[in-house]
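Just so you know, structure 1 and structure 2 below are the same protein chain in two forms, each on its own as structure tokens.
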Structure 1
């Protein structure tokens, strides 16, 4: 692969080596071989077609079923060639690629060609034909102008504007999966459940409420996966997951800390902690009085003790986050202020703002981790004279609470978003156009938007980092964000199993799961 992207080298250095080593060292000396494994997903599989996937649980299966031009190396964010024999950025808006010949789609759908690549990318990224609607992941391919085919295996991706995260978010991620044009057209919506790919595994069954079964694709031309079969099992209940791990019916799962901890010391099981790139914070609605007053927001930030909240929720295992971007992400603001609790200062600010006996509501998702944090927050804010009502809602109600005009009624809210290995991906929810969608703070900052747009198009990595840090400083000035944690994932797995994921531990690389070595 020829490339001129320094960011990939940087990501490789920053993220991969340490994490791969960490897993290696925690595996047991007993290397065991097994041809089948069972892994847990906590949401049911819905649509494996990359254009219509419903979340990481679908996307992680899609990664094993389809090839991409480039993909992440095992346990790394560094990219390597997958379906592409060669891929080169010839100008800020043009990327030339040449496919490896002989990459066959399953179910007799023939060899992968540049036409399949063109179809796969344009169906997600381009404005749809008249009468057709844009797909859900159009944003992943923003600035895509067209894909040209210049030969049976060769083509060119043409952008309307330069884009810094094209490889990480589009080409190398699930929206960059290459589908068979013929199979997709023939199967229609059925392609969601009976996908045709050319990747290391083939999805041989997918049933509602059960999950799916991945079988090694004998025709795959890349590195042979370690396991012949992977059962992807849908188990919603964490307790059941724990029991299934104990009984040996399950080999791998990500668990909440309270469920994972008791599994330490269980013979044959390993618990590995890995920092996540999901990010949690308490946000404040800047459009609703009295939170419109900067002093009130500052007082709340000073009234909270993030460390105490994390202790209650994660038993001190989760790292504290002081800015939007976690340390693993390009543009992390290293010198972001670490706010310490200051009751006197908080009370003074509230007094200055004329707020005595302030009553606010904190919206949370009804899960124990968030409830624990909310209870601590309530006790802490009580001391500065703020009465907090905790409003715990189930998923459906919770995720709609900040939408449209309903969002105007919010006070405080505890939010958690999944991240990806790109600063612009993580920053995108805070631009003014996201008000009424995912910018629940209802923060309207043209300066932030400009920095966001500049960083998105900036190919000079140093300049991009500077823009991203400046954007985080703007967020800090609002005092509308109390950053909590980028979480920690508790991986429970057989001691002989070595899991694999893109650092951040949301995007699993099932095809790179293997045997642990001593």
Structure 2
């Protein structure tokens, strides 16, 4: 196809190109004059120690503070050497590594050695150090048998069974962060908030309800980060975040569609939409009557209308999820049932269960998106004879509601977890040992656990997919999970800023944030 332009169009085009060039130059100049940025997190920092982190908000900071043997390249899932000079898988159950010499821990804790690597991995995958409980990410190192040190800088990771995706989930991710053994032992629980690493940044302050400050680690031997300082600010409310972006107090945030869309016309801000691998669902406590009755759980699932709930919360921008794993993840159950609302069948099930005046409580995080969905759910369930009380809680109360014996009191809850590109990482929260921690359904299924373990060791991809799909079918049979969405991310940031993340847009690579045109 050819096009013809007249002189006026050519001049207009030249003017537009000139304006674009000027704006680009302006953006570059703005970025180059900035030595610090502020980014928003929607959950408060809690534990930067890799073994005891509470989620990606902690993990994203940990990745900048600690080194790993290998790490993801900027904006990529492809791995490259980090602390390792060499790393080789010599058999399905053995990985040999050799560290680069001269990698120094901060606060005077000396040089990284193979003994630090052994300590870092075994404290997560095997027994924790004395006086501390096992961390929640033990599943990342499933089948770890031991780490042998074969020299000051050299060692060998030994597994009891082959392990699928070991490099991406364990060695190259937060559970593969290398801590100083001496500092961790000396600081104990204090290492959660005063971590000692050797990575590109050092956490110089951390304060509850405020966040933390990262400063560039001058002793880091790898690539120098673009920014000298990054303020990681905890702001739970999306509207407050919007105002901070407008005023220039904040340079980067992830927002729900309803808050991000109005920012599209704001000068100096860029809004981009990215697919997400987070997952939301309404869960039911299978240990608490009457939710112990399968018919009651089936009735609630049939009484809800997922599409209506998503429309109310995301303005139609978020895709519906029908099973645990979203389509981007290996083992997605493509033919999972798409449950449609059926009031008559729901009422019939409740009648058969002897539930004529059922009252339940739905716990949600106190955020507008979840409140909108909860209000729709309340109206929908009212029509089948269920009176739903919406219990909206602030983060601290909400995230501890399913822990320990407290979790026995839950009825229904709306949960959002963050995913990674591995089915076992996502499945690990639903095994029996997670009851009292993150398995808020209190679902105890040895069959599910076996499929989880089998899939972790399966190197044949086709067989692994089948095991993962079978595990999702087991979840579906319980009717204790009403899958909602894997969301969509709206990134709001200064136009001169170029964010960086592992695809999936949850694992931010703060140390690779830079100028938009650099």
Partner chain sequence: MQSDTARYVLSRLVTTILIIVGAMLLLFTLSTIVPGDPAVTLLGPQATPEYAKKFIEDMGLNEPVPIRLVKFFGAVLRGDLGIDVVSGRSVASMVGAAIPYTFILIFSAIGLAVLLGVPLGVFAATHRGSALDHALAFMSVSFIAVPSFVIAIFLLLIFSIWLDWLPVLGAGNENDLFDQFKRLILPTLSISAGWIGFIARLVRTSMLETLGENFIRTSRAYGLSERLVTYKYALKNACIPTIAILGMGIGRLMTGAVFVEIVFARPGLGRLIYGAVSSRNYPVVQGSVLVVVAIFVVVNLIVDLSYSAIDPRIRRGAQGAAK
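Worth saying up front: this structure is predicted, and the values here are computed from it rather than measured. Positions refer to the first chain, counted from 1.
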Inset, instruction - Sort out for me whether 1 or 2 is the form predicted on its own. - result: 2
Legend entry - Rigid-part rotation between structure 1 and structure 2 - which of 339, 458, 275, 443 lies at its hinge: 275
Inset, instruction - Treating the chain as two rigid parts, state the angle between structure 1 and structure 2 by which the smaller one turns with respect to the larger, in whole degrees. - result: 24
